[in-house]
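The chain that follows stands alone, in the form predicted alone, written as structure tokens.
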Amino acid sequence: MLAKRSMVLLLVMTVMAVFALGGCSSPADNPPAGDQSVKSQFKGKIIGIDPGAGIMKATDIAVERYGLDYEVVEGSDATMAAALKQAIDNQEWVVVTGWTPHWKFARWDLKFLDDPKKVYGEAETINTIVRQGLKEDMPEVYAVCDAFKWDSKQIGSAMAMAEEMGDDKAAARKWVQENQELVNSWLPEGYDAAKTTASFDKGKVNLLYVEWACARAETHVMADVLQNIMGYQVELTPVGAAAMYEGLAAGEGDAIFTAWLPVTHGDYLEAVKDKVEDLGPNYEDARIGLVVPSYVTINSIEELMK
């Protein structure tokens, strides 16, 4: 009798152990990765950034137009990059709101998902916008803002240097030293990128920017040029995207170098366009959309619901 009870107890313990290891679900509830739907491999989430950003508004539209049963997770550039890194480290699937230029494309092998409905538009530009009256108040500052232009390789190297050094200000100083020919093409007559000054008595310039990798690189490089070469006292003010445009329109800032147009920041500019001056693109071929690691086997937004 005792032996029989021992056998029953052993059987019960074995069953409990199986449930403890596997939970209460059946194999059909937890299929191997290769048998999972695309949505389940992405955990039904699109990892986003700041809720007010244009790319987030475009993503909400994409969810509707493509019929995506996904949660768009709000966060920041930093949290998006952290989620991307974690997924790649574990070779998991992840889809994030992304844009170029951005240092993540230099660090990881990534791809944009095709957007046949053109929700995210075509290539964008990054423009320089200044407050009204800057040309009259500070003609030299206006001139260098107007002349500022660079390409993918140049902005990419500035972003990569900042990411590697972990110090935006020091990285900007180093980048300017290593790219003097380009910097000289921006400078008004009488200045030389090889010559710096310790006298910052030409006036105060306030540059507004959002906490994006490209925005930090652009703004810190221009701050270095204005201060260390031209002799202006430069203040850097990180703000949200909407506040950046509102501050510029109110005269609380002098310039921004990170206006993504026509989609990402289009609504912000439209609201203040009569109170600021758009100096045009400082960078061509910017792009926004949904980005995945290259090992992910889908290639289009349409495939997210497979």
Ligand code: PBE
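As the structure is a prediction and not an experimental result, all values here were calculated from the model. From 1 onward, residues are counted along the sequence shown.
Omitted here: the form predicted in complex with 1,1-dimethyl-prolinium. The next part is about that form.
- Screening 129-137, 206-214, 105-113, 160-168 for residues having heavy atoms within 4.5 Å of 1,1-dimethyl-prolinium in the predicted complex returns a single hit, 206-214.
- Taking the partner from elsewhere, every residue among Ile49, His265 and Ile288 has a non-hydrogen atom within 4.5 angstroms of 1,1-dimethyl-prolinium in the predicted complex.
- A residue is said to contact a partner when one of its heavy atoms sits within 4.5 Å of a partner heavy atom; Gly247 fails this definition for 1,1-dimethyl-prolinium in the predicted complex, lying far away.
- Put simply, Ile55 is close to 1,1-dimethyl-prolinium in the predicted complex: some heavy atom of it is within 4.5 Å.
- The closest non-hydrogen atom of Trp99 lies within 4.5 Å of 1,1-dimethyl-prolinium in the predicted complex.
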